[in-house]
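Let's start with one chain on its own, the form predicted on its own, as structure tokens.
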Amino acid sequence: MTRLAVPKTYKLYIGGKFPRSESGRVYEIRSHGGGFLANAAQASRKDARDAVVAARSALGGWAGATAYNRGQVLYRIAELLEGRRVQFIDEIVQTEGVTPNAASAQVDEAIDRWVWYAGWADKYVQVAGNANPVSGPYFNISVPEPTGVVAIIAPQSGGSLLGLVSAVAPALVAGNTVVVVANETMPLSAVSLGEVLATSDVPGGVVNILTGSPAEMAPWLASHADVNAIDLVGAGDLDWVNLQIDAAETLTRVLQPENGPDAASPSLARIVAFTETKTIWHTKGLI
């Protein structure tokens, strides 16, 4: 007997839940060949604000977790991605028009990147922090701490899954929470990543994924008073100079766009970019 197909509904991922856009808007996702694949939620300004509220609410718990625990949580994401390889490969083949082997290689690299960043969670402080030489009977120690809520415009070209992971993972390592605008034309793997996060140990609100137009949402995120930093890695085609001006109004830290295949390549610098250095003085004990 012939059965009806059950088409998947691609929604937003905000606060650990999957809401539709409050505006009710959707837009068509087309395959690389132009065929219809699905409707995706088109996020609005209100959805972006809701995502920032969710990220701010989750910040205390995530930043307050031990570095070892954060590393274990990030490693768990890699484990779950490994278990859903076939789904991600299929979505990448359909949206990007690459071969199954190329899609498989991208999924492998995305998994490896989660593992790489997970390993840094309890180590980067030793590298980025230091004990400062001072005159007097004191210890003076500088320690990196999370910046807070980080908004990200994910890479809009190249590997849709790998670009998203490369931008999101380093911000999470230090204890930041994230609001990310996914690849506009190839968002399927981003929403599926939200499903992975929802079934992992990542607390709701730590990662929030919006689909739709970066040009529409980026100005509101850049000027939002509760966003502490914005990564414009995928905003090269936007008016990113004005986005920096908007961010300056609230003293929001900005990472400029990156182009080419090495955009958001793994590095310790991307982790440290979203940290603040806290310096502590402590008297030396007398024996």
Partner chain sequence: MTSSQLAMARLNTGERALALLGGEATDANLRRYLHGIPGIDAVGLEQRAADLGSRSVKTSSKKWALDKIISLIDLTTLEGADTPGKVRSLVGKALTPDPGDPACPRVAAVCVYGDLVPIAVEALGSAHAAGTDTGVNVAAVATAFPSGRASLAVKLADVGDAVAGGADEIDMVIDRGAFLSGRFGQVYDEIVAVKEACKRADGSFAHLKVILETGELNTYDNVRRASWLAILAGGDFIKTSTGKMVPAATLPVTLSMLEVVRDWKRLTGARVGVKPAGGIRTSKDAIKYVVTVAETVGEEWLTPSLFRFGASSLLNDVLMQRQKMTTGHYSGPDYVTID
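Positions refer to the first chain, counted from 1. Every value quoted in this text rests on a predicted model; they were computed, and no experiment measured them.
There is another form of the same protein, the form predicted together with the partner chain; it is not shown, and what comes next is about it.
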Note to self: Please pick out the stretch from 232 to 240, 34 to 42, 218 to 226, 65 to 73 that is in contact with the partner chain in the model of the complex, where contact means heavy atoms within 4.5 Å.
What the structure shows: 218 to 226
Margin query: So in the model of the complex, is the partner chain close enough to Lys46 to count as touching (4.5 Å, heavy atoms)?
Written below: yes
Next item on the list: Flag Thr250 as yes or no: does it have a non-hydrogen atom within 4.5 angstroms of any non-hydrogen atom of the partner chain in the model of the complex?
Entry: yes
